[in-house]
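Here's a solo chain for you in structure tokens, the form predicted on its own.
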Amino acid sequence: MSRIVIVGAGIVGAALADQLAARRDGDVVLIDRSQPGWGTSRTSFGWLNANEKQPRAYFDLSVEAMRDWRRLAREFGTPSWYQPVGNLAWVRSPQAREELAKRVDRLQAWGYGAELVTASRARGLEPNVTIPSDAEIAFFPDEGYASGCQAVQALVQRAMSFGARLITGVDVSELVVSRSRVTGVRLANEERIAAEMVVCCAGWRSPELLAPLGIDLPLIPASTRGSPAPCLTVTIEGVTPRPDRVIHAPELDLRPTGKNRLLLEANDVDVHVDITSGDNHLDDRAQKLLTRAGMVVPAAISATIVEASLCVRPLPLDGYPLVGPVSDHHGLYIAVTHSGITLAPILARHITLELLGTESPILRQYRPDRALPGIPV
């Protein structure tokens, strides 16, 4: 038995299936309870960046991930789901101005594309955005965004062309264990799939899958009231002309998503949503974001809301990826992370090396059984 089963067809699972299927000649099975990319990957803001990533090792991992995205996109031609359009950010409070200037200095010292720009230069970059004259403004030219659901579907289709098997619309009810070794999975429909290795890429749902094995995955609980894991993303349409880049304003984060659409998010709104939030509550918060969008993008004043989505993010307790084999359960590998949209290609590349027998020094510090709290060095 040489089969590898991947549980979860979000961006991490899809990127891994793509990498593995190209090398395993039909021995890869990808399973998802819904459809590929229809979970967190679809609702995520999808910002590709290493902007606030620290310490240096984590920053370097994210920078290399951004390069991997460029290489990956070239393999698909010029896919619409990858947009390295840059990021324009501004702040106004004295403390935020100081923090932004220090961040730009640090990023420049680390060789990252970052510069403070004048309001005039910023308006030249984004003439369809209202930018205050008294703001401290920074431009990050190498950043951008990925449309998670579309990217996942492209990766899964290619994996299937390499011989991967896709199973959707059914839960993995349990991991099958024999003598402390994970030997496969059992589906909710009672089908059992044997495997040499099972890779858990189930995101925020991973703890419920792993708990029966006595594995306490160090994720911030997503289902508790007030958890920071859930956030709200809102799609609006009818925005013409619209900005071309990722925008971070004090009151709102936004980016394009389609011809005349924008995707919106705001940290201070996120704290008022959780996994129990009903549609009425989400719609009320979405309306607040729409109002703010009209203040930042004049053409958004007449826009309408298309969708208000609860996005539930996997948040490791120390903020860093949980990637690697589980020492007490041979045959089980975990790949769960925040910033999955950014990190997926590089994690998939290094995880593939490990599953084929070569340990990755880069992943060694992100093992799921590492001591917590801790910060990789």
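As the structure is a computational prediction, the values presented were derived from the model and not from experiment. Start at 1 and count along the sequence shown; that's the residue number.
The same protein also has a form predicted in complex with a small molecule, omitted here; what follows describes it.
Enquirer: Does the 4.5 Å heavy atom contact test between residue 231 and the small molecule in the predicted bound form come out positive?
Expert: Yes, contact at 4.5 Å.
Enquirer: My question is simply whether residue 4 lines the interface with the small molecule in the predicted bound form - judged by any non-hydrogen atom within 4.5 Å.
Expert: Residue-level check for residue 4: no, no contact with the small molecule.
Enquirer: So in the predicted bound form, does any heavy atom of residue 202 sit within 4.5 Å of the small molecule?
Expert: Because a heavy atom of residue 202 falls inside 4.5 Å of the small molecule in the predicted bound form, the answer is yes.
Enquirer: According to a 4.5 angstroms non-hydrogen atom cut-off, is residue 341 in contact with the small molecule in the predicted bound form?
Expert: Residue 341: contacts the small molecule in the predicted bound form.
Enquirer: At 4.5 Å between heavy atoms, only one of the stretches 202-210, 90-98, 289-297, 111-119 reaches the small molecule in the predicted bound form; which one is it?
Expert: Single hit among the candidates: 202-210.
Enquirer: Out of 29, 332, 61, 311, which one falls within 4.5 Å of the small molecule in the predicted bound form, going by heavy atoms?
Expert: In short, 311.
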